[in-house]
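Have a look below at one chain only, the form predicted alone, in structure tokens format.
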Amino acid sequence: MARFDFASDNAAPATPEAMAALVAANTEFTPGYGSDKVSRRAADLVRALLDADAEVRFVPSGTAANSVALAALCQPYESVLAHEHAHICTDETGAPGFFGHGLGLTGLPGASGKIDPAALAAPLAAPDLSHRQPVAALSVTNATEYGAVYAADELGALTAPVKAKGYGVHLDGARLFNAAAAGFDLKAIKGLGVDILVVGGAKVGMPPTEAVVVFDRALARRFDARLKQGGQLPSKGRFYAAPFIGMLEDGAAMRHAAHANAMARKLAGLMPFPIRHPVDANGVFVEMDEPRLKALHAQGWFVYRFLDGSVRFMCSWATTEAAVEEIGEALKAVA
């Protein structure tokens, strides 16, 4: 039987803290569509986490959260700059264009999923022409798809020229807690010109939920209508908000993210294959040929080959030291 311990942090179960908060929210009648006290409490905790006055909504899908955010920042005839391997460009099946009624995506290069600041110059300087979609926004991801973590000043170097042009900024924080556990200051986000942030819940150990944080309150006008049209305004919204209460009230999200990051570092220390990207967060990406990958699969460990050809090992809140040591032995055997 295949083991999926390191296939994805999505493969892990939900944390006890998140599940306890769900049960606690299931005790009385409440208003619907996020207008209840559970949703208000969760939103307050997210605002405190970021030290920011912002609108907060809870949705079941990270893909939809990103796509609705980008649709709020762009007209259908405009485009979003992002790393060429960003999730919105490679793994969301055209959802930004679907939710944005045709908005485009322009991929930019950069090592380990970080956008090269020099790559912004040409698209930001390009003249508006009727035959191509002009830039309207930048999307950045922290931690990146390759587990690298931007420092606040690195993000600022990307957002500053974009904001100087009057364009919007979206931050995909699917693994934001892992970035924070690696040293990224969450309270710096509000000063970086980010208009809309997605705070990932699922990958840190919650059942399906993401928080959409709208810093620019002008964008919050009719945002609920946009969510409703996109099927992202659940009637029992408290069940998407509640896990954030369980994970934020006593710092569980940061504890679990720090554990996942530590397990990735432990795995990196046991890894007999060359490591291709920095192990900043909870992922380890290695160079492994196909026969050895198949041999690892044959031993019962399932992991994916990733976008750049490397093989990805993801750790989660539920990863144990024993499991890391087990797969370390399996890796040595196939190496």
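Position 1 is the first residue in the sequence shown; the rest follow in order. Fair warning: this is a prediction, and the values are worked out from it, not measured in the lab.
The discussion below concerns the form predicted together with a further copy of the same chain, not included here.
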Tell me which of 62 to 70, 279 to 287, 266 to 274, 45 to 53 has residues with heavy atoms within 4.5 angstroms of a further copy of the same chain in the predicted bound form?
62 to 70
Would residue 221 count as a contact of a further copy of the same chain in the predicted bound form, using a 4.5 angstroms cut-off between non-hydrogen atoms?
yes
Would you classify residue 190 as touching a further copy of the same chain in the predicted bound form, given a 4.5 Å non-hydrogen atom cut-off?
no
a further copy of the same chain contact in the predicted bound form: residue 122, any heavy atom under 4.5 Å:
no
4.5 Å heavy atom contact, residue 244 and a further copy of the same chain in the predicted bound form:
no
Interface residue in the predicted bound form among 107, 110, 134, 156, criterion: non-hydrogen atom within 4.5 angstroms of a further copy of the same chain
134
Which one of 140, 194, 198, 202 is close to a further copy of the same chain in the predicted bound form, taking close to mean a heavy atom within 4.5 Å?
202
Within 4.5 Å of a further copy of the same chain in the predicted bound form: residues from 218 to 237 (heavy atom criterion):
221, 222, 224, 225, 226, 228, 229, 230, 231, 232, 233, 235, 236
